[in-house]
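Listed next as structure tokens is one chain, alone, in the form predicted alone.
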């Protein structure tokens, strides 16, 4: 019976900032004990009594919004606003740090001793500032739009019978460590920023030709919106992995459509006929000492399909793990 109380307090506290979770959990545990004592005249409460008290307290996300003071907002309110704030606090700093790193890498790639160093540094700083403002506003707009729609449609992952949907308090080995989704977001934003700001960074050095980019810069620039969409879907999945802290039904519900969106955007990008640089394809065999026989170059000639296959395999693995672990927890 104590498991119900533990699950409920965990479900409330996980929506709150780390610094307040412990205090709120203790306060809520005391409140539930007082309500049970009043209901049973200090006798040993039954499971029915505990479930009745938890039902009276209401859905965990709504109670968390009351504890945080965010239950009444204008455009976005209640549990939506609570989650909205947490995602913004995660996503915006990661985008800023990742862009700064990408600009630094791009500047080092383009470094030329013959150029005026102060001028090059000023140019890099100006580019960082412009990209930072643009990307931060775009991320803020996308997240705000998503949660405005959720608020307007009153979309919720919990049913009215929230008791049966209470997540179990995860054991240490079952938790998703914060470093995993955070590092994933940083990596993906850095890669997206490099492709958007310095599309020539991916390539090889070929004797007699110099640095040869793997992709056509103009094509990548034309596909900027799809690249941003791809990155947005991955950030959404990682954000919910960070927020949930374990594999849950909510995480599975978010992962499946996001992975489908990634599959669509990846297919459109990687199946674009002008994506690959023909000079790169024509000379890549020399770099790896492969003869010019078409049969020997089939891997390099279809590099974009190889990348797409890897993306599909990763998405299938991610979706399968999310769904299977959510179902496994639901059966316990």
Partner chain sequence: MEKEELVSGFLLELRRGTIILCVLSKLKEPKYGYSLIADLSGTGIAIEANTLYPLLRRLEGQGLLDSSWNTEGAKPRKYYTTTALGKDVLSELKKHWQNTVQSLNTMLED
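Throughout, rigid core stands for the largest set of C-alpha atoms superposing within 1.5 Å between the two forms. Being a predicted model, the structure only gives us computed values, none of them experimental. Positions refer to the first chain, counted from 1.
The same protein has a further form, the form predicted in complex with its partner chain, not shown here; the description that follows concerns it.
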(message) So, residue 311 and its partner chain: in the predicted complex, are they within 4.5 Å at any heavy atom pair?
(response) no
Is there a non-hydrogen atom of residue 324 within 4.5 angstroms of a non-hydrogen atom of its partner chain in the predicted complex? no
*Taking the shortest heavy atom distance, is residue 13 within 4.5 Å of its partner chain in the predicted complex?*
no
If we define contact as a non-hydrogen atom of the residue within 4.5 angstroms of the partner, is residue 20 a contact of its partner chain in the predicted complex? yes
Of the candidate stretches 260-268, 275-283, 44-52, 25-33, the one with residues having heavy atoms within 4.5 Å of its partner chain in the predicted complex is 25-33
Superposing on the rigid core, do we see a C-alpha displacement of 2 Å or more at residue 320 between the shown form and the other one? no
